[in-house]
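There is one chain below, alone, in structure tokens, taken in the form predicted alone.
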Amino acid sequence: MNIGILGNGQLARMLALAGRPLGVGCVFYADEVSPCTRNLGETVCGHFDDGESLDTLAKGTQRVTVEKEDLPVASLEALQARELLAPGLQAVAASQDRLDEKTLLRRLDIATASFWVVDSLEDLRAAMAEAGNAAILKTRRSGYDGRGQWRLDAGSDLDAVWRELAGRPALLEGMVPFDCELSIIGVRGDDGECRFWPLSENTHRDGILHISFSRPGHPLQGRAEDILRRLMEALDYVGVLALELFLVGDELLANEFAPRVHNSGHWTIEGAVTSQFENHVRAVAGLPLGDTAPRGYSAMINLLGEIPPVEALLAVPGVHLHCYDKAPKPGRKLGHVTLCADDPAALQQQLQPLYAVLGLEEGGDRS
């Protein structure tokens, strides 16, 4: 069986690697061949709104999935009409626009931060006044890894921010005094079966995910699963879905969701019986889902901008290194490393030499 993947970055790479042992091949669709996937399957080259090239992809695959959300709706509609797209159009389209996303979550009685639609400078001023002069302005579309976002306070020059926004539709979100950031990742099969991995606790640097820790046994695991199950069932979802959450006291607020495998779930490759990548392939291919139970406790650290000497990384006992074959560039995700242990204390002990190699202080920012 062949699965088409819209995109050919590192997520497509890891999906293809997970599919091979299952006898599932991947055909990638993108503007050009990528170093991430060039040795893992055929690439159909074309723009994402190129109907003829998309038709070539459709004819060579039995299902088509996504590794990115920012895709033309008309192209997604064409694939859905051929009963190829998984997850479906509704999920991918809703995730493209923060207003649609927040509206969907609210309709499902899933709590979010307060938000205001910003279509003009006057909207921005009024929203800031209601938000209490501490908020985050986000473009409604095409913002990720901290792009298209502005932290605002009482001293912010709103005229200058509006000029920088350049008329793009936006949302202002109230600042959330969260205790930590979490994500819940689940998978839903063609038959409606849902399975979930343990919550991940995430820290970011410059808006980009830096470190994720798996949190087996977290007291809010069941509540997070209920929220994600509600979302998956409402979308008639097939595949892996990730939902980012803010923990505020003992409450969970939904931030945003991704209709695909997610960076905060990379630890599942070594840290779970079945990884998010394998289970996404299984779901999309119509195969039985695998066990999502954790193998102890795990930590995943993104390698951003540059990869330290491989010899130094591999000298750390127990480390698992994943390189994406991407050219170095500031802020670019070039790879990740994972460590697993039987208990949290042992994991923290194993992390110390890795922090030293990466120039980190207890997993914090670079010193």
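No experiment lies behind these values; they were computed from the predicted model shown. In case it trips you up, residue 1 is the first one in the sequence shown, and so on.
Although not depicted, the form predicted together with another copy of the chain is the subject of the following passage.
Stretch-level contact check against another copy of the chain in the predicted complex with heavy atoms at 4.5 Å: of 148 to 156, 117 to 125, 85 to 93, 290 to 298, the positive one is 290 to 298. The partner is absent here, but in the predicted complex a heavy atom of Glu270, alone among Asp100, Glu270, Asp190, Glu256, sits within 4.5 Å of another copy of the chain. Shown alone here, Ala356 lies farther than 4.5 Å from another copy of the chain in the predicted complex, counting heavy atoms only. Using a 4.5 angstroms threshold between heavy atoms, Cys45 stays clear of another copy of the chain in the predicted complex. Of the heavy atoms in Arg282, some are within 4.5 Å of another copy of the chain in the predicted complex. Another copy of the chain is not drawn, but in the predicted complex it has no heavy atom within 4.5 Å of Pro308.
In the predicted complex, the residues of 10 to 37 lying within 4.5 Å of another copy of the chain by at least one heavy atom are, in order, Arg13, Leu17, Arg20, Pro21, Leu22, Gly23, Pro35, Cys36, Thr37.
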